[in-house]
Structure formats: C-alpha cells, structure tokens
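To begin, one chain is listed below as structure tokens, in the form predicted on its own.
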C-alpha cells in the first residue's frame, strides 16, 4: 500500500475543462435554465469528479467508522462507552438509523472497527481495522501516537482501495460514544475558535455537563498543545481513531476520483483533517447536511462547503450521508433521463425582443 505522503501527492485537482459541455446538456433539458437548482449542481460536480458524461449510481457504500474514547471518563457523554460496540452489532443486524436510510438509498453499510474497546468476530458487513482499544483520555495526554494517527488514516484509505472497483459513490458515518468532544477540539484548534463557540450537547447532556465538556476540551488543548499547522499532530493529540479512518476514506475517495458524501459533525471533523493534509480534496466533498452541533458550521466554512439539507439531524452513523446520496442520484437521473427540448418537441425560450 502507498504511504500517506504518496496518497496526498497523487491526489489531483478536478479538471474543469468539461464544465461548459456539461452545462450545455443541462441547459438543453426541458426546463428553464437552472430551475432544478442544486440538483443540477450535483450532477455537474459528479461528472467533473468522475470524468463520466451520463453516470448511473449502482454501487453505493457508506463506511460507518467506530471507535471508543478515553475522554468519556470525564463525563462528557450522556451514554456509557458500552454503547459503541452495542451499536456496531446493531449496524450488522440492519437495525440502526443508517441501515434504514441506506436501504432507501440503495446503499450498503460497512461497519468499521477502527478502535472499539471490544473484540468482534469476523462478520459480513464488518471491517476490522482496529488501531487500538480506544484512544487515551485527551484531558490527561494525547489521544494516540503520531504513528497511530497515520495508521488510522491509512486504514481508511485501505477501505477505499478494497472496495473501489465499480464503486460509484461513498458516504461517511461514525459511531463512538464521546466523539463530539474530540471533534470540537479539532475544529477549535484548526480554526482558532474558542471551544465554547464550537462545543454542543452531543448525545444530549445538560447545562452542567456541557460546561464541564467545554472545560475538558480547553484542558485537552492546553495539555497537548496540538500544532494547528500540522493536521496529523492535531489528530494524534486530540482526535479519535474513527475520525482518522474517515479522513482516510476522504483521501482515498479523492485519490480514485470517487465523490464522497460527508455526514455530520464527526464525519466533517475527519474531512477537515483530510483537507488540512491535502486541500485538493475539498472539491471531492459533498456536505450532506447542517448538523445541530454548533461547531459544524465552522467546519463547513473552513471546507468551503454549503450543506444540502438542514433537518436538525444529530445522530451521525451516516444517516445524513444516505439522504445526500439520494439527492446526488436525483441530480444524475435528471441529467440522464430528462428529455431535451428537441427530443420532446418542446419550444425553447423565446429570445426575440417584442417592441411595444
């Protein structure tokens, strides 16, 4: 497998030379120009990313990366850490929110053990890429070593490498009790924003717990002093194994010119790490939705992304990504299946000037 440096070096900016040709096709469809708004934008972006003229989405995968977090010892979550492996089993049984919405979108869900404090037996729909049995408590020291941070990213790249043949689109998802805390720390460090302004309630903590959570993040940043100019250092100091895995999935998708639909707050933390390592990946991203988590907006601004939806979602798992994949497919179906003015015998806009 390539090294992280080689992966980054081989990611290329998108070729925009076909933009006018694709736009002409969109404009020739039986509708006022631009009247399907962001669906047309999604069709355009997909074609530019992949180099295809009339693509069809057949093979869709959502990688739901899971990991445990030592910072849960600080009481930052309303749920116990035992929920992480329990939810992975729920994914495998097809009973989670992401499974329901993925079935609707026609996508497979691949659950990925990036660092769960539990030993899973091999199972269909499960990838075991465990870097460690949960991260360290970031309030007391680094989440992981720099080597583990790089390994988590490369594990995500490896997922794309394994499934990439015929893969049309990727969605990202997460599972990890306590993982909004490292995600808030990541956006705080990278954007230079006070933790109070980017820290939300996660699984639904009360006011007192939220205050404690903010204090924990401030302590983690002070103890670890992550270097904002070095995304790998930020991931190692205050991140999570599943966040690193998501960053790797984003990098792998960009490397192989596969559009990647990014879910909410934690997934976007992974995308943020990827984009800080390689800014070219921003063009390969589709931001599925605006999360309720207050730090998500800062992340999207940094990534120069405008989310497709705002449905007050905060579940994670890849639920928003499943909805986003459906919207991408809608845009592509418009491009491929809608009649043109000439084929339908419909008159185009009257361009003659009427003199009164």
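All values reported here derive from a predicted model rather than from experimental measurement. Positions refer to the first chain, counted from 1.
Omitted here: the form predicted in complex with another copy of the chain. The next part is about that form.
Colleague: Of these, 59, 326, 50, 305, which has a heavy atom no more than 4.5 Å from another copy of the chain in the predicted bound form?
Modeller: Contact residue from the list: 326.
Colleague: Within 4.5 Å of another copy of the chain in the predicted bound form, heavy atoms considered, which of 300, 26, 294, 39?
Modeller: After the contact test, the surviving option is 39.
Colleague: Which single stretch, out of 125 to 133, 229 to 237, 187 to 195, 200 to 208, brings residue heavy atoms within 4.5 Å of another copy of the chain in the predicted bound form?
Modeller: Stretch 200 to 208 is the one.
Colleague: I'd like to check something about residue 333: if you look in the predicted bound form, is any of its heavy atoms closer than or equal to 4.5 Å to a heavy atom of another copy of the chain?
Modeller: The answer is yes: residue 333 has a heavy atom within 4.5 Å of another copy of the chain.
Colleague: Taking 4.5 angstroms as the cut-off for heavy atoms, does residue 44 touch another copy of the chain in the predicted bound form?
Modeller: Although another copy of the chain is absent here, residue 44 would stay clear of it in the predicted bound form, with no heavy atoms inside 4.5 Å.
Colleague: Does another copy of the chain get within 4.5 angstroms of any non-hydrogen atom of residue 145 in the predicted bound form?
Modeller: Flag for residue 145 set to no.
Colleague: Against another copy of the chain in the predicted bound form, would residue 338 count as a contact residue? Criterion: heavy atoms within 4.5 Å.
Modeller: Although another copy of the chain is absent here, residue 338 would touch it in the predicted bound form, with heavy atoms inside 4.5 Å.
Colleague: Given a 4.5 Å distance limit between heavy atoms, list every residue of 76 to 98 close to another copy of the chain in the predicted bound form, or none if there are none.
Modeller: 78, 79, 80, 81, 82, 83, 85, 86, 87, 89, 90, 93, 95, 96, 97 sit within 4.5 Å of the partner.
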